[in-house]
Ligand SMILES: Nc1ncnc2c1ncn2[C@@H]1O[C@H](COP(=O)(O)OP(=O)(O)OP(=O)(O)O)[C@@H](O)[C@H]1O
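Before any questions on binding or motion, here is one chain by itself as structure tokens, the form predicted alone.
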């Protein structure tokens, strides 16, 4: 479904990503790991349409990804993108309302009732049924993240992009969110790309793990070379020697967590 062909991303003399070529089929769950600043979030923004390729191709169904976000791709950031003046229900409904009434951002009559029912059903699925009348400031961090996920899913995207969505959550809440996102991935038959700094999270959630890293360095010109996908691993089929190499790329905290997995 998604084809990446000799993709480069540059900002002036600063090369962020270089010469990436991959294909991703419908329904895959790809987790992206690597050190900070290696282009993971930039790649996610390119999939969303917020950034464009400097060179190469990024295709969905053999067509260039549109130059701006659309209904086919939803995104959830670590920082909750919710409207503080709207209730939980209104925050989910508004995405549908703008989709159907771009000028007013409002629906009326039967159309509004159908969107309300759809939003309420989705909020039940993500565990926010009892909180539909609350406002974002009345929610816990985990509840706000559930709301952000519902906002993304209300438009029925084919591709869900997650940019460190659970990084700010406590471990217990993160475990609940892991279970939720796996259930939604299977139920909605999504193709998922998720950036994470938690390697154990990447192994647990994904079916495929990409490691972003710079393989070439020039001390005199630190921006001359960009990151590549140095490992493309099928989760559950990773040899121990490969796992050890991945550990060296990630942070010390992640190395400890991976050690617990082995």
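Residue numbers count along the first chain shown, from 1. Everything quoted here is computed from the prediction, not taken from an experiment.
Keep in mind that the form predicted in complex with the ligand is missing from the display, and what follows is about it.
Student: Decide open or blocked for this chain: the ligand is absent here, so superimpose its site C-alphas on those in the predicted complex and check whether 3 or more ligand atoms come within 2.4 Å of a backbone or C-beta atom.
Tutor: Open, since after superposition no atom of the placed ligand lies within 2.4 Å of the backbone or C-beta atoms.
Student: Using 4.5 Å between non-hydrogen atoms, is residue 38 touching the ligand in the predicted complex?
Tutor: Because a heavy atom of residue 38 falls inside 4.5 Å of the ligand in the predicted complex, the answer is yes.
Student: Decide whether residue 208 counts as a contact residue for the ligand in the predicted complex under a heavy atom distance cut-off of 4.5 Å.
Tutor: Residue 208: no contact with the ligand in the predicted complex.
Student: Quick one: is residue 197 in contact with the ligand in the predicted complex, heavy atoms, 4.5 Å cut-off?
Tutor: Within the cut-off, so yes.
Student: Examine residue 24 and determine whether its closest non-hydrogen atom to the ligand in the predicted complex is within 4.5 angstroms.
Tutor: No, residue 24 sits far enough from the ligand in the predicted complex that none of its heavy atoms falls within 4.5 Å.
Student: If the cut-off is 4.5 angstroms on heavy atoms, which of these, 201, 51, 28, 213, is the one near the ligand in the predicted complex?
Tutor: Spelling it out, the residue with a heavy atom inside the cut-off is 51.
Student: Would you confirm whether the three residues 11, 42 and 164 all fall within 4.5 Å of the ligand in the predicted complex, going by non-hydrogen atoms?
Tutor: Yes.
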